[in-house]
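Single chain ahead, written as C-alpha cells, the form predicted alone.
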C-alpha cells in the first residue's frame, strides 16, 4: 500500500464518497490507515470507496450518515471504535457550496450552508474529542477553505461558514492541547471537483458568463492562481494526511492553505 506513515491509524473521513474526501481516504489507506469512509447518500458512493481501498489490500468500513445530525455522527464514531478499538484521527471534510449574492440569500439557504459546513464540523470535532480525551491522544482535522481567509463576492454564506471553521479550529486547539490532541484545518483553493458545478450555477451569471458558453467559473478563478493550474483533490489530500501523521505532532491551531498561491496570508 505504499509509504506506511499512517500504519494502523484509525481515521474517519466524512464526505469521502467523492472529491477531496475520496482522495484523502485513498491517500490515508495507501499510507497504512484503517479508514472509515462516510457519505450522506447514496450508499454506493462510500461503499465504492471502501471497496476500492480493500481491493488494494487496505482496511476500510463504510458508514452512511449526515454530519449535521448528532445521532448520525455518534454512529460514525461508534463504528470506528467498535470495529477498530479506538479513533486516532477525525477528518471533518464534508461540506457544501453554492453561489448567490447576500441580498438574495434566504435564511433557509444560509442555515443550510451552516448546518453542514459549521455545525457538521462542530459535531464531528466534539464527538471525536470525547473519545480522544479518554485516549489522551488524537488529531482533529477540519475542512476550511481559502474562503476562510478572504471573502468572495457571491459566496457570502460559504465564506462565513468557513471563517467559522477557522475560528473554531483555533479555539478547540487550545481546549484540547492538555489532552495531547491537535486540531488543524486544511484550506483548499480552486479545486477541480463536482462542487464547482453547484457553484457555477450562481457564479456564472455574476461573472457575465453565458450558460452555454465554453468558459466556466472555475476557469476564471483558476486564471488567478500563481502556480498556473487548478488544484487537484490529491493536492489537498497530501496536506490532510501530513496533518494526520506523526510529522505534524507539534502543529496545532493552524489553517493551512493549499491554493497554489491564490491566497497568501
Ligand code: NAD
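Note that the structure is predicted; figures quoted are calculated from it, not measured. Residue numbers count along the first chain shown, from 1.
In what follows, reference is made to the form predicted together with the ligand, a form of this protein that is not presented.
Proximity to the ligand in the predicted complex, taken as a non-hydrogen atom within 4.5 angstroms, holds for one residue of 155, 144, 183, 128, which is 144. Proximity to the ligand in the predicted complex, taken as a non-hydrogen atom within 4.5 angstroms, holds for one residue of 160, 190, 119, 173, which is 190.
In summary, the region of this chain contacting the ligand in the predicted complex, judged by heavy atoms within 4.5 Å and restricted to 200-208, 222-230, 29-37, 59-67, corresponds to 59-67.
Taking the partner from the other structure, the ligand in the predicted complex has no heavy atom within 4.5 Å of any heavy atom of residue 169. Taking the partner from the other structure, the ligand in the predicted complex has a heavy atom within 4.5 Å of a heavy atom of residue 94. Among residues of the shown chain, residue 164 is not one whose heavy atoms approach the ligand to within 4.5 Å in the predicted complex. Using a 4.5 angstroms threshold between heavy atoms, residue 241 stays clear of the ligand in the predicted complex.
Scanning 14-41 for heavy atoms within 4.5 Å of the ligand in the predicted complex gives 15, 16, 17, 18, 19, 20, 21, 38, 39, 40, 41 in sequence order.
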